[in-house]
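Have a look below at one chain only, the form predicted on its own, in structure tokens format.
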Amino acid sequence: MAQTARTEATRTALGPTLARLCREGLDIVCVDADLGYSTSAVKFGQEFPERFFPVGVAEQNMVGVSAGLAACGKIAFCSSFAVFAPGHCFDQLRMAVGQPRTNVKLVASHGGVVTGEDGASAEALEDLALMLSIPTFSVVFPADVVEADQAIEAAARTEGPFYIRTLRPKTPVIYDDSGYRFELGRWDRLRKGSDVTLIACGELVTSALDAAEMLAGEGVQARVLNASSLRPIDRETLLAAARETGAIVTAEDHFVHGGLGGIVAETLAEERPVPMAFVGMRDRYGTSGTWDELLEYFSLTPPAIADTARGVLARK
């Protein structure tokens, strides 16, 4: 792992990655619901127009067309904003993709409050919970653009339904292009620690690393895990963290219920109960503001994660 000074939006990975994989011989198609410039899917369409199918503002139709193309043997990707897909097309995802295990990959951008100035109606906070409720979907929330590229490739090369969440703003790049390899079902340990474990996904992985650095100044050694694979989870790494550190904090730009916090709590409640706490959105929607202002406003920051960790440590 090598943190860099580079920043880039994870949404920029979709189109270029699909184009690269298609050049390598994968039989990829992409269905777009009128937001290809924002999701970057249009970059695939510009290189492979015969494999790019814009259906307009019609997310339900997008999923149906994708399922039909997958049934014909194609590796079918589709994309929109996370508030529209899965929000507008949940039943199609459940019936046409999830239940028959169709080879459809939904990559949804503009997740979380970091969507920013567009306000609450554009800030998806329940999308991961919706997709995790369909048991046949693999669900991934990459920490940076390098991991997003690799997660999209993993989805293309793995049979079955996928949901990948990407982000609007440019966020820090954690990984270098040659030193990391995403694996579905594996959580990367970014920092060693024996006192408490910070488990984060998406852009809050960087915040968890910063929080661990703050805690280190107080003599607290915090382990940091990148939980980008939300289904399947890395059960072995999670249980080891609970056993070896005895305290867990989760951090996510999503509702705590139904997301990363819920998954971790359910697993540990059954197998290894330890003191836990959660950083995330609780029973409220977002608002308008710059993305960094909103992270501060909703206490999704390194100091908030560090303070939550102190509270959990006091309960060990």
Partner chain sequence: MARAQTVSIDELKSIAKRIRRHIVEMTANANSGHPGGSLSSVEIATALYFRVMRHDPQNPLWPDRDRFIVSKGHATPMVYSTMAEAGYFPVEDLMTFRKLGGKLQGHTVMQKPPGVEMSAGALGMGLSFSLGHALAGRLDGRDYHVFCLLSDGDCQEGQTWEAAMASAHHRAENLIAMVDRNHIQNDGFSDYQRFPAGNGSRPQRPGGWVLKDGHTANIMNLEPLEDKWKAFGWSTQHIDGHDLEAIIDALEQAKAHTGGPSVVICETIKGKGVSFMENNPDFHGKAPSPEQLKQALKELAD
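Computed from a prediction, not measured in an experiment: that's the story for all the values here. Positions refer to the first chain, counted from 1.
Separately, the form predicted together with the partner chain exists; it is not shown, and the next lines address it.
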{"query": "Interface residue in the predicted complex among I263, A247, V256, A58, criterion: non-hydrogen atom within 4.5 angstroms of the partner chain", "finding": "A58"}
{"query": "Proximity to the partner chain in the predicted complex, single hit among T206, T237, Q92, S229 (heavy atom within 4.5 Å)", "finding": "Q92"}
{"query": "Options 141-149, 186-194, 70-78, 157-165; stretch whose heavy atom lies within 4.5 Å of the partner chain in the predicted complex", "finding": "70-78"}
{"query": "Exercise: M276 in contact with the partner chain in the predicted complex, heavy atom 4.5 Å", "finding": "no"}
{"query": "Contact of R51 with the partner chain in the predicted complex (heavy atom, 4.5 Å)", "finding": "yes"}
{"query": "Contact label in the predicted complex: G64 to the partner chain, heavy atom within 4.5 Å", "finding": "yes"}
{"query": "Interface membership of M281, the partner chain in the predicted complex, 4.5 Å heavy atom rule", "finding": "no"}
{"query": "Those residues of 272-289 which, in the predicted complex, come within 4.5 Å of the partner chain by heavy atom", "finding": "none"}
